[in-house]
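So this first bit is one chain, no partners, the form predicted on its own, shown in structure tokens.
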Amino acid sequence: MAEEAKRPESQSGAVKRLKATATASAYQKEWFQKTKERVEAGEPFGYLNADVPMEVLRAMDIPFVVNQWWAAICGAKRMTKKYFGLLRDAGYRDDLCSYCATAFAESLDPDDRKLDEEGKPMGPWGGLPDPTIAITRLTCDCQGKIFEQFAKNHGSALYTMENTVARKVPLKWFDKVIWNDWEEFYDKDRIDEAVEELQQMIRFLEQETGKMFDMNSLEKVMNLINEQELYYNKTRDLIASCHPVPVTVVDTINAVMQAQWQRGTEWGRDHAKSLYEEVKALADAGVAAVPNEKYRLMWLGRGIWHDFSFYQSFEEKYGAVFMWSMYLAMGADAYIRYHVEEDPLRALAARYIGMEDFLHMPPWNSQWYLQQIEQNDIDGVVYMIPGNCMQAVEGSYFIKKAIEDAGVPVLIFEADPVDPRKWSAENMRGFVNEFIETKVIPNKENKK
């Protein structure tokens, strides 16, 4: 019989079982405070969208914060209700894409970096410092404009990167061929265009920050990332092979994503290694996150950062375990690029140009989901779509159809990853309860 994992309670009510999760959260908070100190001492500071190649700034030793991570922090600290109220009061729509607009809305808060009467910071972690530079990619219609207004409010220099699309669709990009043969995998002129874009961004950074780019530093960053993501690959595959699983998405999402924002550092590599070793030790000891595991659930979409306890609401009653999310799985499959020493900049271009395809464009994403469903023995898929983000719609009709055609039930609902105003925990849990009872359980019984 599997041993039950210890279940320390977190402040959010979610149970976090891994030391690696707590370690990552503590490190990220300490890192952010040190970053603020560097900014206060006069160093340049960047604010980047998640699909911007942060590796360049890492190689140049320019501290930066990633937009989606910061939006998640604001959501976890329950600040978004206030921020989007300020957005509405300023005459903007308050239903803009929350991932992109949260930091812009925060920039409207005059109290964000002040202390309250008890001497505690009023903004999340003391508020976001003024960035020297803000960089985004033009991957949707509103993103560039939101970043433009954000940069204006902070007095930041703005840089926008072009986005290209693929002319051919290799369906099984996840079969590791992309790790070694990325030059053949993509259209060569698409990589050429991305390299030129990177060179232009480097010139912009050198001009705005006074720091110089070094190709040897980028090569070191790229190799560290390869090592880090390879540990994620081993961790993902290990969890998939375990019945029952030793951890759930509540453990892995934060443990992985905090370190992903530190990718290209020795700490990020070492933390990924420690995560794998901790999960492997649990698996070897026969520890079960949910001893009565009966149904394995896939979570599609962004994390519900303001209510992580949601994922564990179905474990005791049904033995239903959310054991898969894109966060660990994308690290496992999408980032690794070998042969870095031949041309680090070109290898970086081949890393980031396809990320939007893999996540948001059928059949790239839908074929990957089907492969992951098979590998992880998934019994049901719960798919959250933010109604105010066109990117996150990501061909949801085609994804749902492909999965259901493969014989796996899918529940789609609309919610917001960082803004809880339209979130009803009771209603959302009710939707999933009904889905498990009427779709997941009967479907598995019929397959026996």
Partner chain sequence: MSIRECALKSAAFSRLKDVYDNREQEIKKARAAGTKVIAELGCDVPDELLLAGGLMPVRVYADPDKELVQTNKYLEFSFDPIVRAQFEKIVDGTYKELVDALVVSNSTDVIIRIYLYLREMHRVEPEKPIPEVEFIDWLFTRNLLYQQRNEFLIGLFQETVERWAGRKISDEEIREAARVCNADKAALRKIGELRHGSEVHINGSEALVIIGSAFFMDRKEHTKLVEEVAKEAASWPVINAPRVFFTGSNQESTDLYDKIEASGVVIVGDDHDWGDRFYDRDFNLEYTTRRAIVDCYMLREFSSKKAYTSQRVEALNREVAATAADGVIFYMNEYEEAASWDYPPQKKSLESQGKKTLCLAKMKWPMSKNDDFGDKLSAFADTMKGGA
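Residue numbers count along the first chain shown, from 1. No experiment lies behind these values; they were computed from the predicted model shown.
Separately, the form predicted in complex with its partner chain exists; it is not shown, and the next lines address it.
At a distance of at most 4.5 angstroms from its partner chain in the predicted complex, none of the three residues Cys242, Ala288 and Val290 contributes a non-hydrogen atom. Stretch 85 to 93 is the contacting one of 258 to 266, 85 to 93, 333 to 341, 69 to 77, since its residues have non-hydrogen atoms within 4.5 Å of its partner chain in the predicted complex. Residue contact check for Gln149: one or more of its heavy atoms lie within 4.5 Å of its partner chain in the predicted complex. At the 4.5 Å threshold, heavy atoms of Val247 stay clear of its partner chain in the predicted complex, well away from it. At the 4.5 Å threshold, heavy atoms of Tyr27 stay clear of its partner chain in the predicted complex, well away from it. Contact annotation: Met355 falls outside 4.5 Å of its partner chain in the predicted complex, judged by heavy atom distances. The listed set Glu197, Asp307, Asp112, Glu315 contains one residue whose heavy atoms approach its partner chain in the predicted complex to within 4.5 Å, identified as Glu197. Between its partner chain and the residues His360, Arg296, Arg351, Arg236, the one pair within 4.5 Å by heavy atoms in the predicted complex involves His360. Residues of 157 to 196 placing a heavy atom within 4.5 Å of its partner chain in the predicted complex, in sequence order: Leu158, Thr160, Met161, Glu162, Asn163, Thr164, Val165, Ala166, Arg167, Val169, Leu171, Asp189, Arg190, Glu193, Glu196.
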